[in-house]
Every structure is written in structure tokens, then in C-alpha cells.
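Single chain ahead, by itself, as C-alpha cells, in the form predicted alone.
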Amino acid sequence: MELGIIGLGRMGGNMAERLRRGGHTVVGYDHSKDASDVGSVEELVERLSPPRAVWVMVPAGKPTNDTVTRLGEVLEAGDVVIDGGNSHYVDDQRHGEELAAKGIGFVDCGVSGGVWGLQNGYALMVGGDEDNVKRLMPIFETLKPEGEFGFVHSGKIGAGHFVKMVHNGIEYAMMQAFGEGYELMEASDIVTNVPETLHSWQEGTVIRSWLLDLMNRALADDPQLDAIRGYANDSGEGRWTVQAAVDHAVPLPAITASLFARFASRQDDSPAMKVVAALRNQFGGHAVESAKGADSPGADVSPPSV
């Protein structure tokens, strides 16, 4: 097939390369002139033969919204837009309606595979009309891993990004569980070889996984993780997953806790835990530690007389 790709970063660039290796013609556009085949979105559209297919691979939110809006202005009826970024499924539904009014198709595609996708293939979770999905199957077949797994037409417009959102929420919880298990073993005085223990779990255990493999790669390079600060950002999909759970009244305690743990990782000194320490001191006379930089080095602070 012939495909335009807008956004040639780490994911988009590798996807374009995998498609080219698979025999497809790819015309790419990016803000970086060195990565681009064309100088503008308009030129990209002109280079493609109708009916056109254009894959958008830019950050979610305004960049994607602006790009889809621009494509709606320059594409023609019969063309199709694929959003392969991490967009909110609600945005997909709006984009689908706006483009449908102009006769332009829309497909949302959740993509997982990261920097390993070029070599191993990408897991693709697709939402959209059956006819548009069938038309794009040669692209999907080339991008996905070899074999029967790695692709699903999840449902109507928005379904692809909805299931990718849930996928990432599960990923949050799994990573948090591995992190907590690592910390507990490190804190123990009887486990003397934590990295080797984790390495042994890669075969024969019920928690063997690609995430465990990647964790062992990280520990092989830095067994104590001394070079890494315990700070974890969130991409937004964890928040969307929790919000969707609230909207549908579905309990997600593990995923929600893993999201909140990331918020906690960004605090050098938790205001909430300051309150807990102060209250323990007030009702039980428990010792508190002075804040960093305070005159007192940190000592017992007696509660007020009552």
C-alpha cells in the first residue's frame, strides 16, 4: 500500500521503516526536516494517490487535534485518517464525526511495542468501521508481530484507544507490583541476591513476562538502581483509565493505587505524611523529624499539654 505518516519520532520513524521493509510506499512528514520526505502536510497529501490513507503519530491532545483538523481541510471524500497516538477515546469519537461529515474515514489505533517494535512488531488495537479496517489490513499485517496474535479490531471508533488505555492501566499496576516486590526483598535481611532471584523468575513462574525481562535488563546494568531517581511520570492514560472506571462504576483498586504511587514519587517531602506525623505526635507523643534545613537536627517533640 501507499501510506502517509505524520510524526516520525521514535515510534513513527520505526513504524515507517518497518512498513518500507515490508514493501509499502511511505511518505513521511515531521517538523524535523532531516526526517521528512516532504515539506508540509499539503505536500504529503499531494504525493499520495487517492483514495489516500494518512497515519497520524504525534503526541495526544492539541498536536493530534490540530493535525486531524488540518487533514480534514486538505483530504478528500474517500480518504481515511488513522490516529496511532495515545489519544483519549472521547477525542476519537469527535474526530470521527467531524471527518465523516466530509466523507473522510477515521480509524483509531492503539499501538504497543515501544522501541522494540521495529524488530518484533507492534501490538495493534483498532477501532473503526469494518470497511475502513479491511482496507488498511495490509498495513496492519506488516506492522504487527508475526503469527496470529498482536492485532484486534476491538470495535467502533474509539474502541482501539479505549482498550489501549486499559492496557496501559494494567501496565501501571504490573510495574508497581514488580517495584514493590523488589523493594521488599531489598529491605529483607535474609535475601542476599535480589537481582539473581528476579532473573530466576524468567522461566517456569506464573509472573514471567516481558516486563520482568526488561526489569532484569535494567538490574543487569545497575543492580542497585543507584543511577536512577525514584521518580515516575504518567502519560495520562492511567488517569483516563481511572476516570473511565468512575464513569462506569467499575472498581479498579490496583490500577488506581499504582497511579497514585506515581504522584507520590514526585514529592520530595509529602505534605500528607507531614500531617500524619504531626497527628501521631499530637495524640500519642510519637517523635517527629525536623524538616531538612531546619535549625533543629530532628528530635522528639512533645505534644502540647492537655
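Here, rigid core means the biggest group of C-alpha atoms that superpose within 1.5 Å across both forms. For every residue, the number given is its place in the sequence shown, counted from 1. Quick caveat: nothing in here was measured; it's all calculated off a predicted structure.
Only in words, not in the display: the form predicted in complex with a further copy of the same chain, which the text now covers.
Visitor: Is there any non-hydrogen atom of residue 192 lying within 4.5 Å of a further copy of the same chain in the predicted bound form?
Guide: So residue 192 counts as contacting a further copy of the same chain.
Visitor: Is there a heavy atom of residue 23 lying 4.5 Å or less from a heavy atom of a further copy of the same chain in the predicted bound form?
Guide: Looking in the predicted bound form, residue contacts with a further copy of the same chain do not include residue 23, since no heavy atom lies within 4.5 Å.
Visitor: Does residue 177 reach a further copy of the same chain in the predicted bound form, with heavy atoms at most 4.5 Å apart?
Guide: Residue 177: yes, in contact with a further copy of the same chain in the predicted bound form.
Visitor: I'd like to know if residue 253 sits close to a further copy of the same chain in the predicted bound form, meaning any non-hydrogen atom pair within 4.5 angstroms.
Guide: Residue 253: yes, in contact with a further copy of the same chain in the predicted bound form.
Visitor: Could you spot which one of 71, 82, 143, 157 gets a heavy atom to within 4.5 Å of a further copy of the same chain in the predicted bound form?
Guide: Looking at the other structure, the residue within range turns out to be 157.
Visitor: Only one of 228-236, 133-141, 72-80, 99-107 gets a heavy atom within 4.5 Å of a further copy of the same chain in the predicted bound form; which is it?
Guide: Stretch 228-236 is the one.
Visitor: Which of the residues spanning 69-105 lie within 4.5 Å of a further copy of the same chain in the predicted bound form, based on heavy atoms?
Guide: Contacts from 69-105: 86, 89, 93.
Visitor: Is residue 257 among the residues whose Cα moves by 2 Å or more between the shown form and the other one after superposition of the rigid core?
Guide: Result for residue 257: no, shift under 2 Å.
Visitor: Given a core-based superposition, decide whether the C-alpha of residue 266 shifts by 2 Å or more between the shown form and the other one.
Guide: Comparing the forms between the shown form and the other one, which are aligned on their rigid core, residue 266 does not shift its C-alpha by 2 Å or more.
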